[in-house]
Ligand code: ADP
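Next comes just one chain, in structure tokens: the form predicted alone.
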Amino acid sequence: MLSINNLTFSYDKKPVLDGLTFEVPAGDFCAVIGPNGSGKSTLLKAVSGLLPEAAVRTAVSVDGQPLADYTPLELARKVAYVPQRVDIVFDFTVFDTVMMGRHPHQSRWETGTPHDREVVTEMLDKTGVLALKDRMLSQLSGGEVQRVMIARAMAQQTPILLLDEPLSNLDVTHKFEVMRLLRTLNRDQNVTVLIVVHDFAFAKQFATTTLLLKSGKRLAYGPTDEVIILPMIRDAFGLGDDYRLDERGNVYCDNL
């Protein structure tokens, strides 16, 4: 479903991704973890087609076809992306924002069929923001905006869903609600999920496989319980011998 072959990318000649290679099977739930600056967000941008460089678009393949062979519309029907941060440049209502996720399924001048509105309403309800549908994005909290962006990506109804730290602005209740929703999409609709998370406990509880990055390179990739282990975490994050990792994925330090 998703193949990365020797993906290398730099910002201002500074390597961010360095020869990254891995494959995510269709229907997998994959967590991406690693320290800040390890290339997690850049990886998701590459897969989503936001990096126009030819080398990136040939190194990333969806359904056996490199991104370079997809038109933007074709790719938007395959891959939906929730960015880490949303800058509100033009203010829209919550409902209209989520309706944007239906654009890949509409004709050029179409503004939304009854089916589109039904899908949007369903996704607003599933993400717990239906009551906010007539509010402007600028009137929402950071956590509410994050859930709206997740609803928009879900409304796209793609087989691949990319999420870059979607839990960062959410309280603990909504974190679990979002992760349960993603797991339901993964199990019931075979949606392939690739999600950047900082909380190892969420990765261990929900992700089938985990990719661990360090300095833009693949440090480990495989079943989550084989990747999120103390030696790997110490290596990736530069932790000393006084750090521990319990069976649920929580890190603690003996000397605090």
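In this text, residue numbers run from 1 along the sequence as written. This structure is a prediction, so every number in the text was calculated from the model and none was measured.
The form predicted in complex with the ligand exists for this protein as well; it is not shown, and the discussion that follows is about that form.
Of the candidates 224, 48, 192, 38, 38 is the one whose heavy atoms come within 4.5 Å of the ligand in the predicted complex; the others do not. Put simply, of 157, 84, 93, 186 only one has a heavy atom within 4.5 Å of the ligand in the predicted complex, and it is 84.
The chain is drawn here without the ligand; in the predicted complex, the stretch among 203 to 211, 39 to 47, 63 to 71, 227 to 235 whose residues come within 4.5 Å of it by any heavy atom is 39 to 47. Using a 4.5 Å cutoff between non-hydrogen atoms, residue 12 counts as a contact of the ligand in the predicted complex. Put simply, residue 20 is far from the ligand in the predicted complex: not one heavy atom of it is within 4.5 Å. Remark: residue 24 does not count among the residues lining the ligand in the predicted complex, judged by a heavy atom distance of 4.5 Å or less.
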